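Taking the form predicted on its own, here's one chain by itself in structure tokens.
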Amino acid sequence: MNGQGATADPQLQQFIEIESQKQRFQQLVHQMTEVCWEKCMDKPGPKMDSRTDTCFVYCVERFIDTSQFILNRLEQTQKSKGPFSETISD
């Protein structure tokens, strides 16, 4: 070993973080597609009508807004608790 111990290559850490972000984004897109498809698509056909199109637009917008709200709320909760506020109870 080269004596660095637990520290990893910064480029490797950055690569892993970017790939993790990509994975989270893909999961979010998949979840959004599934939810909005079930909600808006009555019967698939050769062409999407305007009602279905509008439903998809609103569904995606609500999904994004809700996801952003949840992320912001979790971030606020984490900041208010601090890094060592959780305790283990037996």
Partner chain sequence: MDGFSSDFSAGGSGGKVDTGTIMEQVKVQIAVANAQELLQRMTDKCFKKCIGKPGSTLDNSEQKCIAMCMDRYMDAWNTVSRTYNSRLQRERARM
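As the structure is a prediction and not an experimental result, all values here were calculated from the model. Whichever C-alpha set is largest while still superposing within 1.5 Å between the two forms counts as the rigid core. Positions refer to the first chain, counted from 1.
One more form of this protein, predicted together with its partner chain, exists but is not displayed; see below.
In the predicted bound form, no heavy atom of Glu75 sits within 4.5 Å of its partner chain. Gln11 belongs to the set of residues with a heavy atom inside 4.5 Å of its partner chain in the predicted bound form. Taking the partner from elsewhere, His30 is found to have a heavy atom lying within 4.5 Å of its partner chain in the predicted bound form. Taking the partner from elsewhere, Ser80 is found to have every heavy atom lying beyond 4.5 Å of its partner chain in the predicted bound form. Residues Gln26, Gln27, Leu28, Val29, His30, Gln31, Met32, Thr33, Glu34, Trp37, Glu38, Met41, Asp42, Lys43, Pro44, Gly45, Pro46, Lys47, Met48 are the ones in 26-49 with at least one heavy atom within 4.5 Å of its partner chain in the predicted bound form, listed in sequence order. Once both forms are overlaid on the rigid core, the distance between the two CA positions of Gln14 between the shown form and the other one is under 2 angstroms. Gln27 shows a C-alpha shift below 2 Å between the shown form and the other one [criterion: core-superposed Cα displacement of 2 Å]. A displacement of less than 2 angstroms separates the C-alpha positions of Glu38 between the shown form and the other one, with the rigid core held in common.
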